[in-house]
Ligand SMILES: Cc1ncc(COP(=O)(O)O)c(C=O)c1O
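Okay, here we've got a single chain as C-alpha cells, the form predicted alone, with questions on binding and movement later.
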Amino acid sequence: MKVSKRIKGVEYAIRDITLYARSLEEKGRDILYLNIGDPVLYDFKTPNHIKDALIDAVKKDKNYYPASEGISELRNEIVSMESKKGMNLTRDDVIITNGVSEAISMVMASILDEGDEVLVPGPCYPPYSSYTNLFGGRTIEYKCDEDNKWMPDIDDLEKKITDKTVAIVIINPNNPTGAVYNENILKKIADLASSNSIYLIADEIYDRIIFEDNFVSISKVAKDAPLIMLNGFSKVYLMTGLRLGYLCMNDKVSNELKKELPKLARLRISSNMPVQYAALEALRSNDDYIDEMVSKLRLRRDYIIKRISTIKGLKCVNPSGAFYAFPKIDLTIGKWKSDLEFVKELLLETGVLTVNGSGFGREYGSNHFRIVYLPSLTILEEAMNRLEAFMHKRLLMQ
C-alpha cells in the first residue's frame, strides 16, 4: 500500500524521543521527563478565571461552529495588543488557529511551491522545518552564534538569501536556546526581509517569559517588511492542552495572500469556540500570575545553569527567556557518535529524558541537547544529580 514520500520527511524530535521513554516506563523504570515544554504538566496551572470562562461558554451553549477566522471579540483584542507592540493590522488580518502549529502549517501551505527555500534559525523549533518540507520547500539554517548568546549571525543570514528564498523565520524568545534578540538584531533582520521582498515570519509565543531585559517585538522595527506574526495562549497563559493560537499579517503583506490564506481556515472549519472565550478572558483579565511564573522559572533556570557549569564535558549559554537550556556536549568523553546516542544512553542509564540537539537542526543543533526546566527544584535536583553521575562515570572510564 502506498505511503506518501512527503510524510517520511516529517520529524518532531521533542515527542519522537518519548517513544524510547515509554518502553522503559512500561518495564517499571522511573522516568524524569525534561523533554516537553508544557508548564501545565508541572506546578503552573491554568488560572481559574480562564477555566471559568471556558466552562461558562460551554454552559451558555457557545458550542457551535464560530466564524472560520475566529470570534470577532478575540480578534479585536489581538489587534489591540499587537498594535501596541507596533504592528499595523486590522481584524481582517487576524486568524485564530488550533495552536501555533496549525498557524505554521497554514502559512507554509500558502507561501511555498516546490523548491522554494525558507531560512530558519539554527537551531530551530522542528515544525518550521517539517512543514516546509511537507509542502515541497527546503529549509536552510542560518547561523545563530553560540559564542554570542545564540544571536543570529546577520552576515551568514544575508549570504544565504537566494532567488529561491521565500521567507525568513525568527523565534524570539528562541526555542531551544532561550535567546532573546535585541532591537538592533531585529532591525537588521527586518531590513533584510524588506530589501529582498520576502516574508518575515515571527514566532513570539514566549514573549512575556523574559528573565533580564525587556522584550522587543519585531513589530516595532518591521514597518516596511511583510510580517506574519505567530503567537498563542499555550505558554504565557498556561493553556497548552486547550490548543489555541493565532496568526496575523501586517499592512505590507500582499492582498493576494490575505485573500488566499483564509481559505485554509475555512477548509478546517474553525477553532474551538469555547476556548476562544477562555482566551478572550485571558487577554482582558488580571495577569499577575505571569510575573509569579517568571519568578519561579528564573530560580529554576539559575539552578540548572549553576549545576551544568560544574559538570565536566558540558557547557551552556545562560538562557534569557522561555524555559529551555541548550547545553553543548563534549562527545569525546563518552565516545558517543552523536547527540542522539548521548540522549538515548542518558535515558537508558539514568531515566532522565531530554531531547537531542540535532532534532532542532543538524548543522547548528548537533552536539547539544535540550533540557526543560519547568519541573520543581526537587525534581531538577534529582535530574542534575543523575546527569552529573552519568558524566562522571564516563570520565572515569577514559
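Note that residue numbering begins at 1 and tracks the sequence as displayed. Source: prediction; values computed, not measured.
Beyond the structure shown, there is the form predicted together with the ligand, which is absent from this document and is the topic of what follows.
Out of the listed residues Pro274, Gly99, Pro226, Gly122, Gly99 is the one that sits within 4.5 Å of the ligand in the model of the complex by at least one heavy atom. Among the residues Ala282, Ile171, Ala167, Leu157, the one placing a heavy atom within 4.5 Å of the ligand in the model of the complex is Ile171. Mapping the unseen interface onto this chain, Asn175 counts among the residues with a heavy atom inside 4.5 Å of the ligand in the model of the complex. Contact check for Ser234: a heavy atom falls within 4.5 Å of the ligand in the model of the complex.
The shortest heavy atom separation between Tyr324 and the ligand in the model of the complex is within 4.5 Å. A residue is said to contact a partner when one of its heavy atoms sits within 4.5 Å of a partner heavy atom; Arg243 meets this definition for the ligand in the model of the complex. Checking 197 to 205, 210 to 218, 76 to 84, 130 to 138 against the ligand in the model of the complex, the stretch whose residues place heavy atoms within 4.5 Å of it is 197 to 205.
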